[in-house]
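The chain that follows stands alone, in the form predicted alone, written as C-alpha cells.
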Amino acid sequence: MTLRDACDILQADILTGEEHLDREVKIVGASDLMSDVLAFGQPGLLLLTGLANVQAVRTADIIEAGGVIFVRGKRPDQDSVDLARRNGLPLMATSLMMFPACGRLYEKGLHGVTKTVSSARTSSVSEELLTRTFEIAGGDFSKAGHVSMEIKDILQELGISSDLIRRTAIAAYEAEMNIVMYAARGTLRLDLSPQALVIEVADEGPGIPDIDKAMTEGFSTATPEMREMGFGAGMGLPNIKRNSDDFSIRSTVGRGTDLRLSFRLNKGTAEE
C-alpha cells in the first residue's frame, strides 16, 4: 500500500510530503505514547497518532517512519510541519478516530507491528575518533529531541548502518527526554571509534532510589505535563537497555544519574 492509498482510505488531508505519497508502507502502528512507538516501531511504519506536537514528529523521524497520520481531527503546529518537511517526513490528518482508522487500513491489507527486527548489517568508520559533548537543559520541552536528531545526522554523514543509527537514536532520545523531564541539567557525550559507539549521559537530578523498579516496564513517575508530551509510559530505561549492546546505570539520590550505553560496530547477529 502507498501513502496515497492510505490517504484515500482514511480521507486524509495532506499536510506535507506530497512528493513522497508513492512511498510503500507495509505495517501500521497506532499510539499516543511515544515511548511505545520507540520501543516497537519499525522503519517504514505508518504511524497513526492523536499526539499532534513536535515530539510525535521527532519520534517518527527517529524510528524512520514512512509517514504520520494524525487522527481525531488533530493537526500539528507549523513548527512541527516545517520539521517534517525538512526531514522528508509526510504528515497527513484525518477526522476519523483511532480505532476505525486502524480498522479500515487493516481491511485493505495493512497489518500491524508484531515484533521488533534487528538488521545484521555491519558498519565501518574511519580510524579517526569522533567525540562530541552536548549540554541538555532540564524542563525545556521545546528543545527536547534536538540532540538525538543531531546525533542521527552525524552518524548518517559517517555512513553508519541504518539499523545502528536507529538503535542509537532511540536510546539517545529516551536518555535526553529523561534529563528534560526529571533533571535540572545534564550532558550527553558521544564517542565513536572503529570498534564501538559509546554514549555517556550524566544528569543533575533527583537520582533513582530503586533502580530495579525503575528498570521495570510500566513503572513511571511522570507528571501530567510529561504524559501530554507522549512520554511517561515507563518504557524509557527499558528502551535504552533494549537498544544498547551494553548498558550500565549508576544513581545517587539527591545528586543524579549516570548512564553508559555501548553499541558494537561489528555486531553480526540478528533477531529473526
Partner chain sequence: MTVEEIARSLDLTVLSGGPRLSQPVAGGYASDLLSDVMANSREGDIWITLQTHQNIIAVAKLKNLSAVVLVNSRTPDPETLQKAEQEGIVLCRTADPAFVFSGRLYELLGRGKG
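What you see is a predicted model, and the numbers here were worked out from it, not measured in a lab. Positions refer to the first chain, counted from 1.
Another form, the form predicted together with the partner chain, is not on view; read the next lines as being about it.
Contact annotation: the partner chain lies within 4.5 Å of heavy atoms from the stretch 31-39 in the predicted complex, the single such stretch among 31-39, 237-245, 201-209, 54-62. Interface residue remark: residue 113 is counted as part of the site for the partner chain in the predicted complex, having a heavy atom within 4.5 Å. Though the partner is left out of this view, residue 196 does not reach within 4.5 Å of the partner chain in the predicted complex, counting heavy atoms only. The partner chain is not shown here, but in the predicted complex it comes within 4.5 Å of a heavy atom of residue 100. Looking at residue 93, you'd find every heavy atom of it more than 4.5 angstroms from the partner chain in the predicted complex. If you check the partner chain in the predicted complex, you find no heavy atom from any of 23, 44 and 85 within 4.5 Å. Checked against the partner chain in the predicted complex, the candidates 75, 104, 146, 185 yield a single residue with a heavy atom inside 4.5 Å, and that residue is 104. The pair residue 56 and residue 156 is tighter in the predicted complex: their Cα-Cα distance falls by no less than 3 Å compared with this form. If you compare C-alpha positions, residue 150 and residue 50 are 3 angstroms or more closer together in the predicted complex than in the form on display.
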